[in-house]
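Okay, here we've got a single chain as structure tokens, the form predicted on its own, with questions on binding and movement later.
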């Protein structure tokens, strides 16, 4: 990695406070400046090294980072841009275009309620109101215990069995308020067993 790459906040030319272009590359300095842990930075750098020779590497790299860290932190953008020889705007544009990429940590479980027309016609609006009230959060938020992140989703391909909910990678059909509560309680029970 070039000297200024960890210590600049735009186009490799403007050093951040405490850094200069003449600074020797220093992962520790980069960690402090980037606001991510040394392990996260090292993981991102390792993944960039693994994917940079792959044609069209950006999307698989972003998926790999999210899988390993749980999200794609903003601090990853300059590392990715430098590693793939892209602009930060290009990397940020892809991350922000695809809703599946998270830029902040999410809950241990992701609960998505389908808002597509078929599900709405079968009561998903009432279900989402129930879910928000039960969990005490709105869409895009995570419960205070870090257990559940609630998100809207537009069609899970399960229209004949509406309304549908996806919890992590599993899709559940014909979910009403009672079924939703059972599913969420099941998550808590699973965590209790895992502890």
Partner chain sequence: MIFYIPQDTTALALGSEAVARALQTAGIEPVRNGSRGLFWLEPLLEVTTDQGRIAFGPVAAKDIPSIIDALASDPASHVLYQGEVAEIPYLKSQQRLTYARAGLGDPVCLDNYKSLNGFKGLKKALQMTAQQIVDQVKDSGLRGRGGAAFPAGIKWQTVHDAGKDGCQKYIVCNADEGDSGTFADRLVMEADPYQLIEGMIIAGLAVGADQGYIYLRSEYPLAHKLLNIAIDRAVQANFLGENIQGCGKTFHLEVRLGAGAYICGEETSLLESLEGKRGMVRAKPPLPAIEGLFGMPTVVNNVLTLAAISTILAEGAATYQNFGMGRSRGTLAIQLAGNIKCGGLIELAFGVTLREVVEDYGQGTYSGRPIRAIQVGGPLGAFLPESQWDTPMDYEAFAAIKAMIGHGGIVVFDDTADMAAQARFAMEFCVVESCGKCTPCRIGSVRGVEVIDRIVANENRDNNLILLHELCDTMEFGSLCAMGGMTPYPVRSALAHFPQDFLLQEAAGASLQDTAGASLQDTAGAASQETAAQGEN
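The structure presented is a predicted model; accordingly, all values stated were derived computationally and were not measured. Residue numbers count along the first chain shown, from 1.
We do not show the form predicted in complex with its partner chain, though everything after this point is about it.
Asks: State yes or no: in the predicted complex, is some non-hydrogen atom of residue 177 no more than 4.5 angstroms from a non-hydrogen atom of its partner chain?
Replies: Residue 177: no contact with its partner chain in the predicted complex.
Asks: With the partner left out of view, is residue 157 within 4.5 angstroms of its partner chain in the predicted complex by any non-hydrogen atom?
Replies: Judged by the heavy-atom cut-off of 4.5 Å, residue 157 is in contact with its partner chain in the predicted complex.
Asks: Using a 4.5 Å heavy atom cut-off, state whether residue 140 contacts its partner chain in the predicted complex.
Replies: Output for residue 140 is no: heavy atoms all beyond 4.5 Å of its partner chain.
Asks: Might residue 63 be said to contact its partner chain in the predicted complex, defining contact as any heavy atom within 4.5 Å?
Replies: Judged by the heavy-atom cut-off of 4.5 Å, residue 63 is in contact with its partner chain in the predicted complex.
Asks: Within 78-110, which residues have a heavy atom closer than or equal to 4.5 Å from its partner chain in the predicted complex?
Replies: 93, 94, 96, 97, 98, 99, 100, 101, in sequence order.
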